[in-house]
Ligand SMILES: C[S@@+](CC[C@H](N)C(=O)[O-])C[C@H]1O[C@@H](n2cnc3c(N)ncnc32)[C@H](O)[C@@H]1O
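One chain follows as structure tokens, the form predicted alone.
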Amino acid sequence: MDLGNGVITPGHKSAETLEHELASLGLPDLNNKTVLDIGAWDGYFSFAAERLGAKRVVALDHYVWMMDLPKQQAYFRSCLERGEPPKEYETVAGLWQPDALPGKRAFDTAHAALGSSVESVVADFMRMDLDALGQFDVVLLLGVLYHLRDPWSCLSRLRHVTRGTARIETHAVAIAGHPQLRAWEFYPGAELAGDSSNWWGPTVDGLLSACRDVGFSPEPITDVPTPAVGVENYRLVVRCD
């Protein structure tokens, strides 16, 4: 993340990669708009929305912010080395610290360095009072949906807080020979990437149908692969108006 004055954080993705991901969302003009970033993590997209002229940005997270991320990564690697699936992270002693919010330190550091006015809300989007949160012109749900046990309820709640348009970015699957199949692949345990927090991989029509069911008019932004055989995993971006 570029913090200005020549300071760029090391991170896990380069600044160029993140700029490409931002461009791939096909965002509207954010000038004078309100933006909600659900699952903000370190805040890259929240701060980008502010930089692009949004008048108000809310960064919402709880899962990552309550996690001791270095301990979580060490635990994850140890499970891989032992050939064991990791337990759900919030059940592992030492990883889940809702009072200390160790996973929010990077966001807070960037917030201070940027002199940002982005508002942070520590809350579980699936449980919080949405009326108290309000509605927003642009809502971002990036890298979140496939981590949830109940993605349909998430989409319904997403519709509730979206006054204008939303962007969903998620893990997705394309199934050879079935380009219009409305399906969601389920990953019990830690089947997807060895990560116990990964649950679902929708086909594009599976996700679009669920979005329509809650009242959105969705459209895929990314190109959908057409594998010759088997199942291909990819990242899908959908615009929901």
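One-based numbering along the sequence shown. Quick caveat, the model's predicted, so the values are computed rather than measured.
The next section is about a form of this same protein that is not shown, the form predicted together with this ligand.
Taking the partner from elsewhere, residue 216 is found to have every heavy atom lying beyond 4.5 Å of this ligand in the model of the complex. With a 4.5 Å cutoff on heavy atoms, residue 130 does not count as touching this ligand in the model of the complex; it lies far away. Residue 39 belongs to the set of residues with a heavy atom inside 4.5 Å of this ligand in the model of the complex. Contact check for residue 125: a non-hydrogen atom falls within 4.5 Å of this ligand in the model of the complex. The stretch from 142-150, 76-84, 111-119, 158-166 that comes within 4.5 Å of this ligand in the model of the complex, counting heavy atoms only, is 142-150. The three marked residues, 181, 200 and 205, fail to reach this ligand in the model of the complex, with no heavy atom of any inside 4.5 Å. The listed set 192, 174, 30, 64 contains one residue whose heavy atoms approach this ligand in the model of the complex to within 4.5 Å, identified as 64. 60 is the sole member of 48, 35, 211, 60 with a non-hydrogen atom lying within 4.5 angstroms of this ligand in the model of the complex.
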